[in-house]
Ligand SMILES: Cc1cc2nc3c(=O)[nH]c(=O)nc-3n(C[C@H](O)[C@H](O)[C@H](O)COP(=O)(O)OP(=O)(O)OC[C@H]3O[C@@H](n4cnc5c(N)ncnc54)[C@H](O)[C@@H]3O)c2cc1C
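As a starting point, one isolated chain is supplied in structure tokens, in the form predicted on its own.
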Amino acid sequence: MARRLFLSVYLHWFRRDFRVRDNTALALAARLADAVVGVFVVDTRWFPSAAGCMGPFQARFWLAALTELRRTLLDLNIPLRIVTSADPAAALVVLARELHADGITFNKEYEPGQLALDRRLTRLAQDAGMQVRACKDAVIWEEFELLTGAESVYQVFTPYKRAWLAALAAKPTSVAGLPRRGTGLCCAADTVPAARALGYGAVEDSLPTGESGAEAMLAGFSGRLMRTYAAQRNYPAVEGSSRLSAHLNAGTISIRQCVVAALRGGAARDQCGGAGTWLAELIWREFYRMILFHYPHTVTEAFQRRYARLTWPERPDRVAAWSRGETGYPIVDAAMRSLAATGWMHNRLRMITAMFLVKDLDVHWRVGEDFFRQWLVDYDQASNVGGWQWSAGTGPDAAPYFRVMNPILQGRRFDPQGVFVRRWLPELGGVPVKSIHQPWLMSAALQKQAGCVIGRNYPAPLVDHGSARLAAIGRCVAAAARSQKSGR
């Protein structure tokens, strides 16, 4: 049927690029073919029953984005097909054959699993006589575009950032518009499944969704919030961050749109200002992607080989208390409860909770990385693995082994009045400011007066931070010594 109606048909595979504007591979498909069909594969390995499942907040966010994408694509005469399969590459080729497609386009990703999938799709499609076109879209500079003078991979962020900015100055980026409108529909569009139909329970959206939601959020951030970003971004009780990470991850907004907004905000003039600081966060995102591309073992193993012999015991009771927000440290517990309720966590709180789990509770960073995968609306493997290895001190450009964040001091500094803590820990609502981050130090009489009896209304600290800090430092030193002794 497609052959009779159109001279050529291309499939565009959507996976983390749920937008029509500034979509590199979608625009390419529209230039190459008379008719374009969008395809999204619902991978059964993401279902709640699977070991590597997608979390409920992210699943709902993606499905909402797909629903809007379906509507906007139809305005361009591009139907969206939804395929459910445990083998996305094979499913794409089967659909391409059904529609007599000449080729398939997609935007590249850089994670080990996605790279393997890309190779399989390319092989199957070429065997079937189809062209496959993969495009750079999710990053400004990809795997081999930024290398050191010795043609090696940057392993430290600051020189990587300098090279990134220099390359941008030499070759500025720009934002493209909509793809060319197709001549007509070559098949019907499918209905996007509901999260419940895939086995997910009900959760509430904590962010505007879809391409329209992303553009509205970027527009709202690009004024006063961007100017004050450097000063306000570390305070979870105030609206100081862009909260665009979920949209960048789903591709409802492009990295180029964000970079151009940062440059318009003055990032090039003042790297320490709000726009410059936000641009640096976008560069961190690319840094972690390139690290994961070149060092795929870091998904499960320490980047720094001297910590390859660093081990952690099984501590299910500590993990359970951490995940429920019942460690006895208010800033940690409030952060974990906010994650469970909203699917989002402030970046400062990610560092605090991650370092607390690894350093204070002596739990492997992979446990926390997997937990965040299950709950974060903006879960991104490269950034999440990078962030957890930074906190554990095992990654590239990581926090040194002797840096162990003090959750009490972090709370006092970044939530000085306890506003965020009280929002998520109502049992501490009556605790005075001077005790909000150490409620266990209140006298018995003051605990009763505040309605917060430690051990009854709120747990006692699970560990003593001072002792835990020294033990964590000792473990790192011993692991490095063992690796040196073994010659690794």
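Here the structure is a predicted model, which is why all the values come from computation and not from measurement. One rule holds for the numbers: they count along the sequence shown, beginning at 1.
Quick note: we don't show the form predicted in complex with the named molecule, though the next part is all about it.
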Counting only non-hydrogen atoms, which stretch in 351-359, 173-181, 72-80, 313-321 is within 4.5 Å of the named molecule in the predicted complex? 351-359
One residue of Val367, Leu225, Met345, Ala163 in contact with the named molecule, assessed in the predicted complex (non-hydrogen atom, 4.5 angstroms): Met345
Going by heavy atom distances of 4.5 angstroms or less, which of Gln257, Thr298, Ser338, Ser242 would be at the interface with the named molecule in the predicted complex? Ser242
Leu376: heavy atom within 4.5 Å of the named molecule in the predicted complex? yes
Touches the named molecule in the predicted complex: Gly325 (any heavy atom, 4.5 Å): no
In the predicted complex, does Ser391 have a heavy atom within 4.5 Å of the named molecule? yes
Is the gap between Gly265 and the named molecule in the predicted complex 4.5 Å or less for some heavy atom pair? no
Is any part of 280-304 within 4.5 angstroms of the named molecule in the predicted complex by a non-hydrogen atom, and which residues would that be? Glu281, Leu282, Trp284, Arg285, Tyr288
